[in-house]
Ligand code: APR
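Here we start with a single chain on its own, the form predicted alone, put down as structure tokens.
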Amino acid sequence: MRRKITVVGAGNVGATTAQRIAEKGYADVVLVDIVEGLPQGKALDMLQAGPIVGYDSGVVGTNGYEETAGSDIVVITSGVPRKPGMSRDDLVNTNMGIVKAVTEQVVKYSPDCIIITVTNPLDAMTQLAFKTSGFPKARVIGMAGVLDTARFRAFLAMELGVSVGDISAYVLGGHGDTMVPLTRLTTAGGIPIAQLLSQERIEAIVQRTRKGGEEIVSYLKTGSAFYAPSAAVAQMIDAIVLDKKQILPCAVYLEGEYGINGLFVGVPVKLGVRGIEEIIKIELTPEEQAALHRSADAVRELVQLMHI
């Protein structure tokens, strides 16, 4: 039986995510947005691409939530995008109202779904969706680490002139300037990058990764990244729908793991049909542990700002 996946928000991230899911062929897609005609038009366009690309997925656009009823997975992308000069922190007050309202509708119509949040500031918005939904922590996941890790891998591959498939890496922590790429464990073809690059070049790539979203915003002027974020969501959905038991870095609710309690922070997890099936513990150095805790503190500040 084909799955049902809802994407809330028909902007660039949401629409591209819906397209990627439809092209997988294993799920029908519902695209939701408050702008009349926008999700309906984009959904119809995607539906008409089916005969060409070769998928039979149903794609429906709507301004309400009735059509989303019984969704297996709901992806929340709705919110105000970051503009040039705007930090993720600046987005809190506006986007928290949007995410709270969306989550309430999601719970009403799909009480057994898995929620994946994409709206920024991501870690704080995931915490808000978790509290608003009342779902178990295994069913509320933030998309951050997959995207940040992909950026880190892409920059390293560019620097070394090798395939991105040869780069193995993890980026932990919050989705922002305090994220923690684990350079010590990063390899190219199994070779530690410290043997291939100077510490100065590694640090420069780390900083570029931390500013990855900001760099794209500076080019686009009126928008933010959407190809890579939508691909990151699609990889997470693949792991869940196909029960891959894949280990991916995601924002999850920690209860003592890594010395962090009561907070959504990016760490490696095993994703399967039930959502988060296991939080993977990596032995960190004191320096890495301290960096992760600084990142968690930055997330905690946002959560406290929202009074949740």
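Sequential numbering from 1, following the sequence displayed. Owing to the predicted nature of the structure, the values given are computational and were not obtained by experimental measurement.
Omitted here: the form predicted together with this ligand. The next part is about that form.
Peer 1: Non-hydrogen atoms within 4.5 angstroms of this ligand in the predicted bound form: do 12, 33 and 102 all have one?
Peer 2: Checked in the predicted bound form: all three residues contact this ligand.
Peer 1: Which single stretch, out of 112 to 120, 189 to 197, 206 to 214, 233 to 241, brings residue heavy atoms within 4.5 Å of this ligand in the predicted bound form?
Peer 2: Residues of 112 to 120 come within 4.5 Å of the partner.
Peer 1: If the cut-off is 4.5 angstroms on heavy atoms, which of these, 178, 168, 133, 224, is the one near this ligand in the predicted bound form?
Peer 2: It is 224.
Peer 1: Counting any non-hydrogen atom inside 4.5 Å, which residue from 279, 49, 38, 263 sits next to this ligand in the predicted bound form?
Peer 2: Contact residue from the list: 38.
Peer 1: With the cut-off set at 4.5 Å between non-hydrogen atoms, does residue 5 touch this ligand in the predicted bound form?
Peer 2: No.
Peer 1: Do residue 77 and this ligand come within 4.5 Å of each other in the predicted bound form, heavy atoms counted?
Peer 2: Heavy-atom contact with this ligand at 4.5 Å: present for residue 77.
Peer 1: In the predicted bound form, does residue 95 come within 4.5 Å of this ligand, counting heavy atoms only?
Peer 2: Yes - in the predicted bound form, heavy atoms of residue 95 and this ligand come within 4.5 Å of each other.
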